[in-house]
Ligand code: AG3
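Single chain ahead, written as structure tokens, the form predicted alone.
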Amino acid sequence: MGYNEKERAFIEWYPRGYGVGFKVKERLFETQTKYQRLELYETEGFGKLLVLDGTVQLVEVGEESYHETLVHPVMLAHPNPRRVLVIGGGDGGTLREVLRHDVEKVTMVEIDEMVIEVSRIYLGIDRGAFEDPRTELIIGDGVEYLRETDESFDVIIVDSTDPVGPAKLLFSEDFYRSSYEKLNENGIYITQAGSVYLFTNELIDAYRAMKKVFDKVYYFSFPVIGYASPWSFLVGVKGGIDFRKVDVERGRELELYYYDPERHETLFQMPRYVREMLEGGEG
């Protein structure tokens, strides 16, 4: 896994010998932060590539395919999303998309300050989001923050690494319960949940844990540039929000490139065998 100097390519290997690779022009930056190995490359066709612990986080060309999908479906499903919490997302893309809505405050909790600094200097995909007066940036552990804060939120967005290794805490029943408690009476939660085909068991485990906590849970998928697509997402609802319906008029005003609010129902396409595994054993 990683950068091959001879081939001038970066390859992320997934389970079962499947990989996603990019031809590289040059390595721009590399460091070991307090928490993880951070690498940044200039690719031949997709702009800059951000890598954490050997895992592709984003490619500059097409990063919106992930950030639009993580943010706008839940923001448009909520009738009045004023206060939003983002956990992770140090590159700034998720924060940028949230701030396109008429929000009062966005609290962002990122554990690794170096990810933010490198993203600001080399990537700039936040497009000023970190300096927005509506942004409160906290450097810290998202699990601890949710457990200890007295704040409450309309929307919680978890933009974390894959549901394996250290990030597994963000996919636990305890964490989902903390999130549920900190949502307002009508609130909505979303997390990315890994590759549909290659992290199927992790997706199922997270879905079943969320079902024990949230009033309603939805799963959906979307093709994300740079990832082993289709990529899965899980949504938990507190209260009466129907995630199958979004405010299309608000969505049109955003002029999105990848996620289409007018075709929101297409998100819910899932391979039959995965759907049956997700729903298997449910009463």
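One rule holds for the numbers: they count along the sequence shown, beginning at 1. Quick caveat: nothing in here was measured; it's all calculated off a predicted structure.
What comes next is about the form predicted in complex with the ligand, which is not displayed.
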*Indicate whether the candidate residues S152, S179 and K238 are all in contact with the ligand in the model of the complex, with contact defined as any heavy atom within 4.5 Å.*
no
_Just to confirm the contact call: exactly one of 34 to 42, 243 to 251, 52 to 60, 215 to 223 touches the ligand in the model of the complex at a 4.5 Å heavy atom cutoff, so which is it?_
52 to 60
*in the model of the complex, which of the listed residues (T107, N184, S160, T200) lies with a heavy atom within 4.5 Å of the ligand?*
S160
*in the model of the complex, F22 touching the ligand (heavy atom, 4.5 Å)*: no
*asked:* Within 4.5 Å, heavy atoms only: does E97 come near the ligand in the model of the complex?
replied: no
_So in the model of the complex, is the ligand close enough to Q192 to count as touching (4.5 Å, heavy atoms)?_
yes
*Could you list which residues of 71 to 87 come within 4.5 Å of the ligand in the model of the complex, counting heavy atoms only?*
none
